[in-house]
Ligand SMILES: C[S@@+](CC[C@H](N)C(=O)[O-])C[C@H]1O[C@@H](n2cnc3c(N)ncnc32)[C@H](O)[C@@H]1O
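Next up is one chain by itself, shown in structure tokens, the form predicted on its own.
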Amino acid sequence: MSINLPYFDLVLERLAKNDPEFEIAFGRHVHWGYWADPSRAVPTAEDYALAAEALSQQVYGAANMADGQQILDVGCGFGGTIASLNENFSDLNLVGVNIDERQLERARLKVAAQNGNRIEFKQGDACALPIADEAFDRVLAVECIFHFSDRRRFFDEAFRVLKPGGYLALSDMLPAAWYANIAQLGASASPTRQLFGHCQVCTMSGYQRLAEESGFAFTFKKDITANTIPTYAFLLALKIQRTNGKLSRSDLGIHGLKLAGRLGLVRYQILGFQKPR
């Protein structure tokens, strides 16, 4: 099963052609990068890959990770976050869920269990998880929740599959409250949609409401907007577009996101939530 994500279509196409730059930059993670010192960022595939790894670590660091836990990564992509956890922790039960089977096929090929960990990749919808109740200590959603069909349903599902006291950690791009309607128009506009597919925005107050309605306590937030800004220089240097023209306006969408971040209209946030004990 696949979904309309032109960005992933393009990445998979380039990986299938053994494009070395795409393999380095996106072969493991397909999300924004995190630079502790953005002034030292350089627009190379190698630097971007390190920054993408750092972003995954920032997100799962918000979930109070420890050895021996049961971890669910929703919207797991090519399994990059699971690969990172697999390398840095031991005796974990790691499960990745994604709606796009093509991404899971690559994850299964690329990620092999080590350190006494167990790994499984499952096809499934984030809003109807193929997971038993109270099966996990941690749920992660790295830069994917804006693609989900219904955030509230996902929060309900995350709450259901977490054990009491468990944590949900995610990353998302949140517009200022006054800018939310404009941001949604921008996310739905042709240049952005042609590159990133359907995206639904949510504000900080929206997340506070989601937490309250689903039963979570809102425990953590970290604004890493400035640390992610070099992402745009790399994407623009890469000149992401298809020869058939379907993504020929992608640069405009990337410039728009970059400007919104620099102006503080959209903030890249890491958020954490806990299910009561």
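Everything numeric here is computed off the predicted structure, so don't read it as measured data. Note that residue numbering begins at 1 and tracks the sequence as displayed.
Just so it is clear, the following notes concern the form predicted together with the named molecule, a form of the same protein that is not shown.
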Review point. Taking the named molecule in the predicted bound form as the reference, which of Ile131, Ala126, Ala169, Val201 has a non-hydrogen atom within 4.5 Å?
Key: Ala126
Review point. Since exactly one of Lys163, His147, Arg193, Arg108 fits, which has a heavy atom within 4.5 Å of the named molecule in the predicted bound form?
Key: His147
Practice item. Can you check 178-186, 113-121, 94-102, 131-139 and let me know which stretch has heavy atoms within 4.5 Å of the named molecule in the predicted bound form? Key: 94-102
Review point. Is there a non-hydrogen atom of Ala158 within 4.5 angstroms of a non-hydrogen atom of the named molecule in the predicted bound form?
Key: no
Check your understanding: Does the named molecule come within 4.5 Å of any heavy atom of Leu72 in the predicted bound form?
Key -> no
Check your understanding: Does any heavy atom of Ile270 come within 4.5 Å of a heavy atom of the named molecule in the predicted bound form?
Key -> no
Review point. Can Val30 be called a contact residue for the named molecule in the predicted bound form at 4.5 Å between heavy atoms?
Key: yes
